[in-house]
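Only one chain comes next, encoded as structure tokens, the form predicted on its own.
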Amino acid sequence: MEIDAEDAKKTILDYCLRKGALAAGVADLAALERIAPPGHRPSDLMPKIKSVISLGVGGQTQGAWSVPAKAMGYFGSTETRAYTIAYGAAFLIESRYQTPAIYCPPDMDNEKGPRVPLQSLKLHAEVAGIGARSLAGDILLHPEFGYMYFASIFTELELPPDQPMETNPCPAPSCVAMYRQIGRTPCQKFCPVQCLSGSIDEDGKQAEMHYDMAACAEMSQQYEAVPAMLSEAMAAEDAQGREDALFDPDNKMLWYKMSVGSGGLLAQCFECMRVCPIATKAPLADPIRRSIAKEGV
């Protein structure tokens, strides 16, 4: 079957955008293979891979940024929409081009621990040109869409790659102004556990960024919360101690989240994004802004 690579790329990316992605692109496979560590390269997951397609969907609604932090933990995220689109794109590739494709699992590597992913979806998106690294723990930001959630598709169909963004929207001018005054950007200042630090050069560009993942994860990625709770209950000396461990008010919230399938089961923290002018005020960052933009077309 003879395939026009440019036409196939357009068809696949158009599908992603039609199904709800805000941005989509093809990453340079050679660059991913060079940057990703051994065991986490695309070819480690799909040996005959020829292309990595990355897509991003919108993050929070505009209203979400105004609610208290304790409420945002229940909002979950829109990442499942991205995964659904990626699944569909993989099926599209196989059915239309008769070439193997997979939805790239966003899950953790069970040999490396709960905070090491099988693949870096962030790296895929960055190399595909649909996001650039920010001072907020390397969270990717887009100049038009702000904060997005990403998904990837791997395929043996060879597609022409896109280029990374030429300019990084982070830091925003207002962030540079704050940094000049107090030596910190909004995300650094308002991080609840102070896990972010870094510097901005004379040209207003990122000079360096430091992210204390352990400090962040202790609060926002509580993968060990349930087993720790059970361990404490098992080690209790009496029935009252077990009851205290299992039914402590904070622990009851975990049981509740499990029972309702909350996307915020393991806790979440959006405080760096809440104060990020790119995440919250980019031209097409939320449904309201996107709706207004459509009306103006």
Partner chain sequence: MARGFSRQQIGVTGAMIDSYGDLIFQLSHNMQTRRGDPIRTLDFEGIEASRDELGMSDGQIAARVGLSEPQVMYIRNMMERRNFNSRHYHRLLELGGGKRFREERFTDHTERFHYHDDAIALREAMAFAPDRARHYSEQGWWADDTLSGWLARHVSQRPEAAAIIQGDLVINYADLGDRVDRLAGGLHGLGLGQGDVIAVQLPNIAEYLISYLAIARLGGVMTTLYMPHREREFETLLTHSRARALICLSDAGGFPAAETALGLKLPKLQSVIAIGPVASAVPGAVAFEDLANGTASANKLNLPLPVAADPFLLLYTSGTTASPKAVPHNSHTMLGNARLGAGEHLLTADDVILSAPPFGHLFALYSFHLALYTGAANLLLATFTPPDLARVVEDGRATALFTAPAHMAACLGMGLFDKHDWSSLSLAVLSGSAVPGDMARAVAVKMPNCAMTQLWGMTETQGGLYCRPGDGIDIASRSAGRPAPGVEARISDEGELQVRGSMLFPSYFDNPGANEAAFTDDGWFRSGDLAARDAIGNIAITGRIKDIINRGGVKYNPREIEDLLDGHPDIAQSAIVPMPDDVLGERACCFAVATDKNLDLNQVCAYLLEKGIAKTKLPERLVLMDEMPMTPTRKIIKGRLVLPEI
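Heads up, when I say rigid core I mean the largest set of C-alphas that superpose within 1.5 Å between the two forms. Residue numbers count along the first chain shown, from 1. The shown structure was predicted, so the numbers you read here are calculated from the model rather than taken from an experiment.
Although not depicted, the form predicted in complex with its partner chain is the subject of the following passage.
Peer 1: Based on heavy atom distances of 4.5 Å or less, which listed stretch (81 to 89, 115 to 123, 144 to 152, 97 to 105) is in contact with its partner chain in the predicted bound form?
Peer 2: Among the candidates, contact is made by 115 to 123.
Peer 1: At 4.5 Å by heavy atoms, is each residue in 11, 18 and 50 next to its partner chain in the predicted bound form?
Peer 2: The answer is no: none of the three residues contacts the partner (heavy atom, 4.5 Å cut-off).
Peer 1: Closest heavy atom of residue 44 to its partner chain in the predicted bound form, within 4.5 Å or not?
Peer 2: So residue 44 does not count as contacting its partner chain.
Peer 1: Quick one: does residue 191 come within 4.5 Å of its partner chain in the predicted bound form, counting heavy atoms only?
Peer 2: Judged by the heavy-atom cut-off of 4.5 Å, residue 191 is in contact with its partner chain in the predicted bound form.
Peer 1: Taking its partner chain as it sits in the predicted bound form, is residue 185 near enough to touch it, meaning that at least one heavy atom pair lies within 4.5 angstroms?
Peer 2: It does not: once its partner chain is placed as it appears in the predicted bound form, residue 185 has no heavy atom within 4.5 Å of it.
Peer 1: Would you classify residue 252 as touching its partner chain in the predicted bound form, given a 4.5 Å non-hydrogen atom cut-off?
Peer 2: No, residue 252 stays farther than 4.5 Å from its partner chain in the predicted bound form.
Peer 1: Heavy atom within 4.5 Å of its partner chain in the predicted bound form: which residues of 57 to 72 qualify?
Peer 2: The stretch 57 to 72, when checked against its partner chain in the predicted bound form, contributes 66, 67, 68, 69, 70 at the 4.5 Å heavy-atom cut-off.
Peer 1: Rigid core superposed, CA of residue 251 - does it shift 2 Å or more between the shown form and the other one?
Peer 2: Residue 251: C-alpha displaced by 2 Å or more between the shown form and the other one.
Peer 1: Using a superposition on the rigid core, decide whether the Cα position of residue 30 changes by 2 angstroms or more between the shown form and the other one.
Peer 2: It does not reach a 2 Å shift.
Peer 1: Return yes or no for residue 44: a CA shift of at least 2 Å between the shown form and the other one, with the rigid core superposed?
Peer 2: Residue 44: C-alpha displaced by less than 2 Å between the shown form and the other one.
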